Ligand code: SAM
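Form predicted on its own, single chain, as structure tokens, below.
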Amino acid sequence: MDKPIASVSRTRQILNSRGLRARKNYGQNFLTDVSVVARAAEASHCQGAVIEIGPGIGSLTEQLAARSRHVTAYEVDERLIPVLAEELAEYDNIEVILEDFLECDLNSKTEELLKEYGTVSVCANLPYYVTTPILFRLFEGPQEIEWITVMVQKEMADRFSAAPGSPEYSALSAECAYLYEVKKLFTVPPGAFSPAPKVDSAVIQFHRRKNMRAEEGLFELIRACFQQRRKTLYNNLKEYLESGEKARRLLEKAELAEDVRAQSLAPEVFAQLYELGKGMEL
């Protein structure tokens, strides 16, 4: 029986036999640690259909296919399409699509997969350079994608999962926590990849909160409140609302002190400010 694709020896054989090298412009780092891909797949709630972004040579795809009814994998590197077809030939539940995930019709694909397989999750090893655009595409996508499990740069995972009051807590943290329960599952060292990145990675999971939607107005307010981290909430709101009086009235309505700072506030407080602002003539 062949070794898993994520094993060092098989990864090397696949790449060398085809004269392939990782493309820096695609942010490619191939996973070469079987335990890492197995743990990520096992935690991903992929029993129905699962969407993978950037399958590479199939290290994680193989593990997902063994645990789910169907895998849809979006790959942008045309060189890897025949590699995936050959290396994953034993599986009949994998659909590889040559397309940039950021340009795909996610709503239609999710609807199609839901009808056929009942549930849709996402599990992927994301290229560092497009982590944020891909995640926000998912955040703004169908609520039916209940679980998102991704490998990202550890520093980014720390920001996504940061709690109010911590140094890493930011607008990004607050927006994520409004929509999802966020949990960092485990850290992945550089040696788990080929080529090895210069920083640690981490697997992080997002579990969608029920009936929460990405509201651009709310997120715009959150970003404004964090615009200058050293400034008080009042001063940031004053600039955003272009009026000190309006900022003061809003804070009074929310029963918040003028000297409070955004990094100490939970996501639901920003949601309260947003709703109060809509009800006032600001």
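Computed from a prediction, not measured in an experiment: that's the story for all the values here. Just count from 1 along the sequence shown to find any residue number.
This protein has a second form, the form predicted in complex with this ligand, left out of what is shown; the following refers to that one.
Scanning Leu138, Val76, Val96, Leu172 against this ligand in the model of the complex with a 4.5 Å heavy atom cut-off leaves one residue, Val76. Note on contacts: among Leu126, Val182, Ile145, Met156, the single residue with a heavy atom within 4.5 Å of this ligand in the model of the complex is Leu126. Note on the interface: of 55-63, 42-50, 245-253, 213-221, the segment with non-hydrogen atoms within 4.5 angstroms of this ligand in the model of the complex is 55-63. Using a 4.5 angstroms threshold between heavy atoms, Ile204 stays clear of this ligand in the model of the complex. Interface residue remark: Leu80 is counted as part of the site for this ligand in the model of the complex, having a heavy atom within 4.5 Å. Interface membership of Leu237, defined by any non-hydrogen atom within 4.5 Å of this ligand in the model of the complex, is ruled out.
Within 4.5 Å of some heavy atom of this ligand in the model of the complex lies at least one heavy atom of Asn29.
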